[in-house]
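Quick heads-up: it's one chain on its own, the form predicted alone, in structure tokens.
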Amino acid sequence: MSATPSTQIISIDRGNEAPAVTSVQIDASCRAPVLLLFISAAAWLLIGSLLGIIASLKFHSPNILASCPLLTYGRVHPAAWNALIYGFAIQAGLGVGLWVLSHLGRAKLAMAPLIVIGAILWNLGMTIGTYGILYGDSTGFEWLEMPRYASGILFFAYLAIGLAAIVTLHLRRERELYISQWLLLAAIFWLPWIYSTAQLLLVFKPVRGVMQAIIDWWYINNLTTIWLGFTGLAATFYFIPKIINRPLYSHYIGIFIFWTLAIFGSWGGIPTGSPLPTWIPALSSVGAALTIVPVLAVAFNVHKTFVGNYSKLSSSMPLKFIAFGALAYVLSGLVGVLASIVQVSEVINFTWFTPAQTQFVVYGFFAMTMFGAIYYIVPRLLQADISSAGVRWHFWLALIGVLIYVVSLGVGGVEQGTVLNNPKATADFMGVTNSTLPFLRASTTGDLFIALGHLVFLLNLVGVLVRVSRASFSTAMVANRRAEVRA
């Protein structure tokens, strides 16, 4: 099957227009804003990990840091997730997306100063919002806990960065749109829509009753399935062909994935058995079940692209991260479809299986894909290699950590749900809860591995940046001395 590959470059005759922009010039235009987004994302990722470990430890020893109101479970847990989603995921996704849009369009990154201002405002909003959650000023809505004075800063910061991305796409020299550009463009518009809608209906002009839960579920599902999904898939469809030096198997399958996810992916998220009119969770389950089609299409497209090139996994660390992310996307998608079945949902609802599934999507798929993309992009921005040993350490720590976390809580959640659905066992609810402690201890071990990986990730980025800065400073000093001698 032949199709237009996502990494193919089409030459266009533009007469007397300016000469084509080189990759080096594109990287130079991306350097400051993209590196700022990456370093900020890595810092928030480590902060979120530390808060997450504190939250996890409280299940084993509730008295840990109990005297500090800022670090109670009800505050550190949402702060940790907000740091992961908004501090890391959004910034890393924007940084990767800006770089990909520039290179696919063969155009310099537009409005770089505006992106820098937007990134600074985003991190300011993150700082204010995280402290607001820890201080006790949370909204109480999952994944929207930041107080309104912080959410406003985040919204306008995102608009600034998103505007630059749209202008960059508009100024592209390669007029044909590839599937990665489709996905990124949709993601850029999707987030401000769902975020502003959720904020308006839950925080600024709150609706009443169970409608609040419906909107919160809708927002979380759209943020996960559409924004994180589209951005992660855009990176997958760009970097895998780029690294193995082979076109994406089918651009048209990619378009099919785009439309099916956009149409059906936004329906899901409402658990079966919710206290709602029956048709609402039923419709949500149908939408979730239909996502099996694009999930399998992703698996097919990636596999056919890889055929005959799997050996390259051993020689490219960025490719290992991205390939694992693609595998996690397919597996988590299939699990999500399975969880939409009523008989399965009755067992795993309100158990540890749900956070395991969420972690597999957010971290196993999206974060691992972003790690691989960042390790591919940063050496090209700085014209310097990142320590291969450091990247290797990060990969294995992240891989082991996420597998321990997901498997332990997944198995624990199934066992927990099975026991809770036994009428004889529900009378001893505390006994059922205590039986999950071994799985929680294992998940905390996974959290520790993940946090160590995040520390290595930040050190890898800071290390190469410091090394390049020192080399540039030394070169400048030598040039200055030679100028003085000549004078």
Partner chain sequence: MNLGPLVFLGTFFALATSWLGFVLVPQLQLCRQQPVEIDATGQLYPSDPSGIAKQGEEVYRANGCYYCHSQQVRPKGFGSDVERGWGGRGGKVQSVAQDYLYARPVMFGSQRIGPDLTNIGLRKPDAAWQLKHLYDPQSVTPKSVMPPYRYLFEKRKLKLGQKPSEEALQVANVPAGYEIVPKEEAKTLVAYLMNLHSDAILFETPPPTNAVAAASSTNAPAAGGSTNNPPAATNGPSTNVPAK
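Numbering follows the first chain given and starts at 1. The shown structure was predicted, so the numbers you read here are calculated from the model rather than taken from an experiment.
There is also a form predicted in complex with the partner chain; it is not shown, and the following applies to it.
- Checked against the partner chain in the predicted bound form, the residues A157, I253, I292, I214 give one hit for a heavy atom within 4.5 Å, which is I214.
- Interface residue among S316, T272, Q357, Q199 relative to the partner chain in the predicted bound form, by the heavy atom within 4.5 Å criterion: T272.
- Note on the interface: of 141 to 149, 88 to 96, 297 to 305, 389 to 397, the segment with non-hydrogen atoms within 4.5 angstroms of the partner chain in the predicted bound form is 141 to 149.
- Shown alone here, P78 lies within 4.5 Å of the partner chain in the predicted bound form, counting heavy atoms only.
- Among heavy atoms of A66, some come within 4.5 Å of the partner chain in the predicted bound form.
- Though the partner is left out of this view, R106 does not reach within 4.5 Å of the partner chain in the predicted bound form, counting heavy atoms only.
- Although the partner is absent here, E346 lies within 4.5 Å of the partner chain in the predicted bound form, judged by heavy atoms.
- Heavy atoms of no residue among Q25, F204 and L459 are located within 4.5 Å of the partner chain in the predicted bound form.
- In the predicted bound form, the partner chain lies within 4.5 angstroms of at least one heavy atom of each of the following residues of 185 to 211: L185, A186, F189, W190, W193, T197, L201, V207, R208, G209, V210, M211, in sequence order.
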